[in-house]
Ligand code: BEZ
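Here we start with a single chain on its own, the form predicted alone, put down as structure tokens.
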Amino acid sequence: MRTVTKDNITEIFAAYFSEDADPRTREVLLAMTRHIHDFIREVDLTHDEWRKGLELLEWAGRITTPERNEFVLLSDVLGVSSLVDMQHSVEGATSSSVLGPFHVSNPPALPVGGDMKRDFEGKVLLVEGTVRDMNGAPIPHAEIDIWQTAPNGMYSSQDADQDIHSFHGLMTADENGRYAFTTARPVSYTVPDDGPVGEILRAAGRHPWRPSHLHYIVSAKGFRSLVTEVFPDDDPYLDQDTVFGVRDDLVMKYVAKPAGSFPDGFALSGSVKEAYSRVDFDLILAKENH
């Protein structure tokens, strides 16, 4: 087609597709391009604005590393990650929430009752729960990948002073689906704002804060893997999460427990003399074919 106009370019783009193109690829690319073209026409995008957008993407590529993925962070702060999560969450199962850009692969084994706090400062948090199916039955031996920030508000991949696997652990639930561990209570923190994501946040007058949380990836044979987070109900940023990750069923009460009440069966049993917090949170998985 030689006569391409601003009004017919979308249809011409669609006509260029081969009949042999994968149907799902065709569907996704056509829909994406249609929305991009409509967006350009709607806002009357200028050359300077177009170049600025490309520069932001180039910048994101330059600063992305195996430890920091600026494209994931961009997806998070624009609400894209959360929308994809919510599109594919299963009613009755634990809501999914954002993976984030700082997950570390191959975490060390963490036994049931094990400790992630080690020698770090911060208030002790005892976490316990059961992995269940949607009928309430325990799922034995589910695998749970757990991670969080250190008390300084930084993930291990951001902080040269931390071991790369600090505050990361891979647990196998027991035969009753129970998981349990101790850690330092997570803190609120800011997402990295020294790159294009920060520039977008400042341009929108938005803050970079996230409420404190624990991350989980839960998997078991025959069930859909779950990526989620757990938030305390007293965090000041609970209603202003810059990556839109909070869901009603993921907000938990961290219960204050008095000194001397720490239970047996944990790596820290007998050594916790001060007050601590406790949260009980069951993780509910949907069947793989649900």
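Keep in mind it's a predicted model, so treat the numbers as computed, not measured. Heads up: residue numbers just count along the shown sequence, starting at 1.
There is another form of this protein, the form predicted together with the ligand, and it is not shown here; the text below is about that form.
Residues in which of 198 to 206, 166 to 174, 98 to 106, 121 to 129 have heavy atoms within 4.5 Å of the ligand in the predicted complex? Contact criterion met by 98 to 106 only.
May I ask whether Tyr155, Arg210 and Val243 each come within 4.5 Å of the ligand in the predicted complex, counting any non-hydrogen atom? Yes, all three are in contact.
Heavy atoms within 4.5 Å of the ligand in the predicted complex: does Glu229 have any? Judged by the heavy-atom cut-off of 4.5 Å, Glu229 is in contact with the ligand in the predicted complex.
Does at least one non-hydrogen atom of Val112 fall within 4.5 angstroms of the ligand in the predicted complex? Output for Val112 is no: heavy atoms all beyond 4.5 Å of the ligand.
Would Lys117 show up as a contact with the ligand in the predicted complex if we use heavy atoms at 4.5 Å? It does not: once the ligand is placed as it appears in the predicted complex, Lys117 has no heavy atom within 4.5 Å of it.
With a 4.5 Å heavy atom cut-off, would you call Val191 a contact of the ligand in the predicted complex? Result yes; Val191 sits at the interface with the ligand in the predicted complex.
Pick out the residues of 55 to 83 whose heavy atoms come within 4.5 Å of the ligand in the predicted complex. Stretch hits, in order: Leu73, Asp76.
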